[in-house]
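The chain below stands alone and is given in structure tokens; this is the form predicted alone.
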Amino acid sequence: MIGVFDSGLGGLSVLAAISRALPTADLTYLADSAHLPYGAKPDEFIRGRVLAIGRHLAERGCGLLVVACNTATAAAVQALRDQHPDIPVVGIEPGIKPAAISSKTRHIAVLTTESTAQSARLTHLIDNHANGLKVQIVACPGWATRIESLDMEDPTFSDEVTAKIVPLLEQGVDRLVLGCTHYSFLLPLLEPLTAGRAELVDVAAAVARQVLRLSGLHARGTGRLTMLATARPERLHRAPQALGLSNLTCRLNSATHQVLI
């Protein structure tokens, strides 16, 4: 069984990619919705949550763990690997490298949570893969919370997104890196703004390929999906349908359960 987790609904974008890549794998998704969003919380708190969730998923029989959250990866993926040396752990990082390689204007932007924007891991990625490029790190407070509400059609939010993105395009940015898994669900807002001007860089498919490479026997199962939440399990249960993730809806064969971690 493969365990995937995030602070809330954002990691469903990664889970959907994994589901497509491993159609027979048994998957467990855990949303730490009692403590979302992670983006504005200190690293020490996030590490504590990641270690507790990793322990819980391992105890449920997960033999491969996926940290489907950029903020949690930056703060705690190494600690999780140290805690479970016998379990492969896959994290997620903003797609700085593919954006830097493909940029024509040599000017890219990274849309992130507040925590990821300040992380040493992001700085390291930029230093390693985007040296010589102009890189703008753009914190987007409140975006993940808005997505968690499953209400992204509010015109005021659309205006907020537009006000954040258009100035970047006018400055010559031609690659926009989605540095939070939640932001994958903003494509209906982002694509009309960037069409013909910039490419959106998401790494969910790349994470799924890495999971496939490491999955081994965990790729074989009955294809069932179990979903867990530390709060508001009913919202997680309806999220796949609300977000258009039909490949998850068809695999979910039981109610979403609340767990205390």
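Computed from a predicted structure; not experimentally measured. Note that residue numbering begins at 1 and tracks the sequence as displayed.
Beyond what is shown, the protein has a form predicted in complex with a small molecule; the following relates to that form.
Counting only heavy atoms and a 4.5 Å cutoff, which of 228-236, 196-204, 34-42, 215-223 contacts the small molecule in the model of the complex? It is the stretch 34-42.
With the partner left out here, check for me: in the model of the complex, does some heavy atom of residue 175 sit within 4.5 Å of the small molecule? Contact check for residue 175: no, nothing within 4.5 Å of the small molecule in the model of the complex.
Does residue 108 make contact with the small molecule in the model of the complex, using a 4.5 Å heavy atom cut-off? Result no; residue 108 lies far from the small molecule in the model of the complex.
Check whether residue 180 has any heavy atom within 4.5 Å of a heavy atom of the small molecule in the model of the complex, and answer yes or no. Result yes; residue 180 sits at the interface with the small molecule in the model of the complex.
Residue 99 versus the small molecule, in the model of the complex: is there a non-hydrogen atom within 4.5 Å? Because no heavy atom of residue 99 falls inside 4.5 Å of the small molecule in the model of the complex, the answer is no.
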